[in-house]
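The data below hold one chain only, encoded as structure tokens and taken in the form predicted on its own.
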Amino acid sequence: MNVTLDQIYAVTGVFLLIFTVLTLTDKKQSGKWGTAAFWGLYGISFIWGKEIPPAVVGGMVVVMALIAGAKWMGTGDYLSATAEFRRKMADKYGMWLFGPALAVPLVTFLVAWLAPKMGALIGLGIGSIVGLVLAFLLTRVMPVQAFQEGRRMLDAVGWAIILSQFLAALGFLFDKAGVGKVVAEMVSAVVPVDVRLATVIAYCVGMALFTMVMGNAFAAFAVITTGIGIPLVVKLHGADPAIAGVIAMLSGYCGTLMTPMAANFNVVPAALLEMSDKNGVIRAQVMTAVPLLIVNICLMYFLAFPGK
């Protein structure tokens, strides 16, 4: 069986369109039309994005941005079970409830290992479907309830759930636009590039700061590595690119821990846990992120320059 990424995207789009239909039929949904339009357009882009002219897709993105900016999205009635019923079911199934969740990474790993041409991303999609099927078999709930809970999560997080996707695309555009060269010129003007430690600090801190702006370490990596990592750390001072690159990426993750732009890591948990402080997750992570960034600087300085 050869599953393609386009097929995984199509399944994701179908789920989003189902959420859209449930939103339209929910009499208690606030911001019904805005919410339905947002998720509907998003679902259409997943299913038919390649067939739709790029200009039209761009227009769809603009409409989604207008809906989010105008705060036309809301929440509804998801027919969720009571807390007492959930506790009863938790006591009944016990640790078996973790089975569907654990199936997702397990299947992802197996697909990436046994079918490397398909890749981990397709494995993640297959694993998610397997986990959903196992959840149905375990709990015996109606499938519509899964869609209701999925819709509840999307509405709780709102537009921010797709922020990482937009930021990754923005990072690609920045790289193509030559932002890396501009970063290199700026760093060279303020950092003594002939001092190895200074370039290492610029690389690691730059990754963290740019990740905080972009909300995505992968997007930041392309720009900062092009502007600082390759010309200064690798070519000028002879760092091992494999070691320096890995540590730089981890430095970017330090920035992920400290920014609301990393919505899937910091905003989503706060929304799902219904925390009163939307930045509570970030506040709890700063005392881990800053020391780890310092450790990364030391690791790169002492490990990425073999024989020097």
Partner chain sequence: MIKLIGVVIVIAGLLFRFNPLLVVLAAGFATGLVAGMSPLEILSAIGQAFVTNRYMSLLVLVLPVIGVLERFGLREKAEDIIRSMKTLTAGRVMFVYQLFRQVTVGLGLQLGGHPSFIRPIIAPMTEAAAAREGVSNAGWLDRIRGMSASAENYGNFFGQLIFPAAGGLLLIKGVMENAGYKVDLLVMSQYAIPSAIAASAIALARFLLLDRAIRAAGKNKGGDRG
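Positions refer to the first chain, counted from 1. Basically, rigid core = biggest C-alpha set you can superpose within 1.5 Å across the two forms. Owing to the predicted nature of the structure, the values given are computational and were not obtained by experimental measurement.
Below, we turn to the form predicted in complex with the partner chain, even though it does not appear here.
Quick one: does V111 come within 4.5 Å of the partner chain in the predicted bound form, counting heavy atoms only?
No, V111 is distant from the partner.
Quick one: is Q145 in contact with the partner chain in the predicted bound form, heavy atoms, 4.5 Å cut-off?
Within the cut-off, so yes.
S188 versus the partner chain, in the predicted bound form: is there a non-hydrogen atom within 4.5 Å?
The answer is no: S188 has no heavy atom within 4.5 Å of the partner chain.
How about T199 - does it come within 4.5 Å of the partner chain in the predicted bound form, if we only consider non-hydrogen atoms?
No, T199 sits far enough from the partner chain in the predicted bound form that none of its heavy atoms falls within 4.5 Å.
Does any residue in 232-263 get within 4.5 Å of the partner chain in the predicted bound form, counting heavy atoms only, and if so which ones?
Result: V234, K235, P241, A242, I243, G245, V246, I247, M249, L250, Y253, C254, T256, L257, M261.
Tell me, please, whether between this form and the one not shown the C-alpha of K71 is shifted by 2 Å or more, with the rigid core used for superposition.
No, shifts by less than 2 Å.
Would the C-alpha of L209 be classed as shifted by 2 Å or more between this form and the one not shown after rigid-core alignment?
Moves: no, less than 2 Å.
After core superposition, I'd like to know whether A198 moves between this form and the one not shown (criterion: C-alpha shift of 2 angstroms or more).
A198 C-alpha, core-superposed: shift of less than 2 Å.
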